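Quick setup: one chain, the form predicted alone, written in structure tokens, and binding and motion questions come after.
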Amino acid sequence: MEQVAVVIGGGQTLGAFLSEGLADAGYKVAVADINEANARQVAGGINRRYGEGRAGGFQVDATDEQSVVALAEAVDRHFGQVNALVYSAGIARAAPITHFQLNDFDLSLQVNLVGYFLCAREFSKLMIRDGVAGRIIQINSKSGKVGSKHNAGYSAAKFGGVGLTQSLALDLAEYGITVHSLMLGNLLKSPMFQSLIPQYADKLGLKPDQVEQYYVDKVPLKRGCDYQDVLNVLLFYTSDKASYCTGQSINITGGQVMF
């Protein structure tokens, strides 16, 4: 049976790119997103390019336990097994700590951390049931290794993701299931980063059109992180070549973070 990958947050931006990249690498792909129309659109594009049945689009609210349980059941019915889970859902809210709203802090925890926990729990059950030496990959951030000014909620959740990844790796090692976090540098062209440019400009005392260059200058390799950089590393850690690696937080930061 062909391998099946589930991409949470696969209906847009980086998640959509990873869904398409996994399909190109030979996976069948369950594209799951809070926006069902987006998920179906991405899945439809994969089916047109790689053949009908290569992908399916599913709705999920990763922060809602019953929604995640229902997603796992639906994917199981549709594909029959799961070999890889990629948790690419994420959200960021920026504000100084003195103005950081509790609902924004909680939203960051729910989407970036609780959703990861729920999806890892439910899809690892399927892997264990079927005896699949699966792969669980969280899309994390360098903000999960170093604090981020005005990003308390995002950074706190991403630090939590590292601890959760290590704990999941220990729980699941006996089943041959490996778990990793990919610690991304600044995705300068992503909608999330672009949406925060006015706030970053304000905190840095820069003009908005100077913000991207400011972040490029902080990177030893002198460029932002691209979607393809993420896919390249993802494909290695979902492959058998990485079967002896687990519980790692892998930097994709151009040298900006090195530990």
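What you see is a predicted model; the values in this text were computed from it and never measured. The numbering used is simple: start at 1 and walk along the sequence shown.
The protein also exists as the form predicted in complex with a small molecule; that form is not presented, and the subsequent description refers to it.
Subject >> Listed residue that, although the small molecule is not shown, lies within 4.5 Å of it in the predicted bound form (heavy atoms), from V233, A201, A70, I34 >> reply: The option sitting close enough to the partner is I34.
Subject >> Position in contact with the small molecule when the complex is considered in the predicted bound form, options G90, G161, G153, G134, heavy atoms within 4.5 Å >> reply: None of the others qualify; the residue that does is G90.
Subject >> 4.5 Å heavy atom contact with the small molecule in the predicted bound form for all of A25, G56 and N83 >> reply: No: no residue has a heavy atom within 4.5 Å of the partner.
Original post:
For T63, is any heavy atom within 4.5 Å of the small molecule in the predicted bound form, or not?
Top reply: Taking the distances in the predicted bound form, the answer for T63 is yes, it comes within 4.5 Å of the small molecule.
**OP:** Using the partner position in the predicted bound form, report whether Q12 sits within 4.5 Å of the small molecule, counting heavy atoms only.
**Re:** Q12: yes, in contact with the small molecule in the predicted bound form.
Original post:
So in the predicted bound form, does Y50 come within 4.5 Å of the small molecule, heavy atom to heavy atom?
Top reply: Residue-level check for Y50: no, no contact with the small molecule.
Original post:
Does at least one non-hydrogen atom of Q41 fall within 4.5 angstroms of the small molecule in the predicted bound form?
Top reply: Although the small molecule is absent here, Q41 would stay clear of it in the predicted bound form, with no heavy atoms inside 4.5 Å.
Subject >> Among 165-173, 105-113, 145-153, 121-129, the region lying within 4.5 Å of the small molecule in the predicted bound form by heavy atom distance >> reply: Of the options, only 105-113 has residues within 4.5 Å of the partner.
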